[in-house]
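Included below are structure tokens for two forms of one protein chain, each presented in isolation as structure 1 and structure 2.
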Structure 1
Amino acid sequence: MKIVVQKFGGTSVATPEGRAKAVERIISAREQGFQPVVVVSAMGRKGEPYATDTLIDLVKNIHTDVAPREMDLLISCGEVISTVVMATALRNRGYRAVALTGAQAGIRTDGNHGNARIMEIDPEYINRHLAQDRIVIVAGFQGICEDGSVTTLGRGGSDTTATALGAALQAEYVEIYTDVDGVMTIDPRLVPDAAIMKDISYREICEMANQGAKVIHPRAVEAAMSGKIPIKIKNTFSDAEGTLIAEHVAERVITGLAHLSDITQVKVGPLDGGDVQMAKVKVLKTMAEARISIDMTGVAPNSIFFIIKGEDTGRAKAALQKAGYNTTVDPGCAKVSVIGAGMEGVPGVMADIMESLDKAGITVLQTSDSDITISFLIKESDLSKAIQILHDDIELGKI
């Protein structure tokens, strides 16, 4: 039994035209000898009748303080509606299909409402339907926790549902259908000649997602990676080849660029007095106690600096000043990351990047790097120029 998991996002199931295209993709998989297991998102985006944001607005117009358990129960409805619509569309074409909630599909999660993690999947019920030659349509973005409550998986939840099911069912691969032709080297809104990648490794796509590229959630990739299930990112509305995400692909020195906007650089110091090292630790603990995530942490002999999301600037400054630290904040920054598994152990990559930015007159405020990523902090006003010059100099348009 060759299984393929196909996931269709909100834009793919929002209109009759999109749903017709999705049905054709499912039927095509059947005709190629696969048994499709289909994961669907809620139909459409904010303002459309069954979109998740529309459901949230419905209840928040009554009261803004909605209990997390009830909120999860509410926002799981959009995906359930999509399953029934898609199953009915397939039956209209003469195919046996069954709609399942996440719970019925055997998806068990922890109890963290709004951002639950999948703990295990029992595929027995799905396999029973597949054995009866049914196309199984599963509501994405949801599961059930130990006390029987419905939970939702947070951002990228339907992608995670699809890849986790792919691993549990030992699928041949997972297809994630969206409204773009594949994973691109950079956001095409910033660089019009951004290229579509033919393939990319699990760890590269995870890093791109973590650094701001809105392609696929890292949790979804991790689920596929655990079962070594390849992922294909494809366009519902075109016949483009798409992008393959897999363990063994030809790793390039630089694969792509990602960025995060609205970043603030925080500098704490000078740290005077006795134990400067302990003072640095206390700065980090102050941020942790304020529940503020930090990144690109650097230290100097008597100071420490890091970056935070712009929305956290006020809280961070207040917490540090309350703790008695001299604090300087520099808002309006952007973090740009250069990603490529092939750069590991290759000398000169950082030098080339810095040279390109220097020639463009762009000041680098801070840098950090790992095995496959080099990140640098710049002013957000320089973001478009930096992305374009790097894309051109690295020749990512030729990938």
Structure 2
Amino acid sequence: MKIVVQKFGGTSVATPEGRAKAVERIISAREQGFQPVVVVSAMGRKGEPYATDTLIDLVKNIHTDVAPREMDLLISCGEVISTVVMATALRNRGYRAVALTGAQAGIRTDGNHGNARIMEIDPEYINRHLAQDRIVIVAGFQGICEDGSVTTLGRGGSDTTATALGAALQAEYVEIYTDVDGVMTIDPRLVPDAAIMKDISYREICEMANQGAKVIHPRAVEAAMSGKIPIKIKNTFSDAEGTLIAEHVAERVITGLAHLSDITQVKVGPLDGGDVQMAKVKVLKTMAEARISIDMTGVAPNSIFFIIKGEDTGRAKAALQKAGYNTTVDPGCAKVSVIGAGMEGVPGVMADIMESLDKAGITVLQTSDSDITISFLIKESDLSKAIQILHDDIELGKI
């Protein structure tokens, strides 16, 4: 029988309404002759009783020094609760169903607690249940590492569970159910008239996800891409057709926009006297040693600049000052990226974007570009205006 993997995110399983819709979608796949393998997230978001953040707060109110291994065991519980609820709901509707933790589903990861990577999936466990005609419900976001400890995959990890299972089980496709109608040209929370895309290539969605569009996790796209499994992003709560993510999709000049907030710009310099080139290398090494990842790196004759996550600001400043560098940090920035595979080799896109922003009085602090992305660093206070303007100009074909 053909397998379909269906993943239901936090908002989908949080409410009785969402769960009822999810159950209908699972049953409908089943009635269409598929064997559904279902991946669930924890129920709800911060503040709700079983959400991952709530579990963390619960224990942190007792101990501030929970070890990473135990923290993973704790935060893996939210998804486990969801599997039990969903398996029971299906059984109550007369279907055979079984709830599995990530470990019980054969998901093996490395030992990097809190941000583990899936190394391999032994499909034997799930296949055994499928052979007995059960609908399998797997706890997302988790696995087991070599020493037998439970691990978690980091934010958005359930998406990766779903696509990695899709590849391991050679599913027909993976459906990611969430609270929006599909992949949009920009986060609909920022621009309400964002357009839904009918389809998008792995490469473009991966870039959008890397640049901050959290509709799907970039690692999840990679897992699907390597297994050549199509993904459908759909809304649990509507019958919209959703977005197909696949390989052979016509790519556009500009596909969409994404943003990352709470970014800090770091400038180191002037670097004068001595070996300036060596000093620049040392600045980069200082960041690497402090395990701070940097982006949008640029060099000028006697300075070097880059961006970091806002949360790393204090550590970055301390490390650079300790090493004796003249360092300026500007927190409160945002990175806006314009993504489109068709931009490759098309001249003038950067100029058009700069012109749009300039007309709106928005200062661009820094830019960077790769083959399918152009990114701008601006003040966070300009973010919503910048995004709205760029979105409008793309729609109107000015860019």
Ligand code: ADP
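Just so you know, these numbers come straight off a predicted model, no measurement behind them. When a residue number appears, read it as a position in the sequence of structure 1, where counting begins at 1. Each form is matched to the other, and the largest set of C-alpha atoms that superpose within 1.5 Å is called the rigid core.
For the form predicted together with adenosine-5'-diphosphate, the corresponding chain is the one labelled structure 2. The Cα position of M354 differs by 2 Å or more between the two structures after fitting on the rigid core. The rigid-core alignment places the CA of E289 2 Å or more apart between the two structures. Core-superposed comparison between the two structures: CA of P301 displaced by 2 Å or more. At K385, the distance the Cα travels between the two structures is 3.1 Å after the core is superposed.
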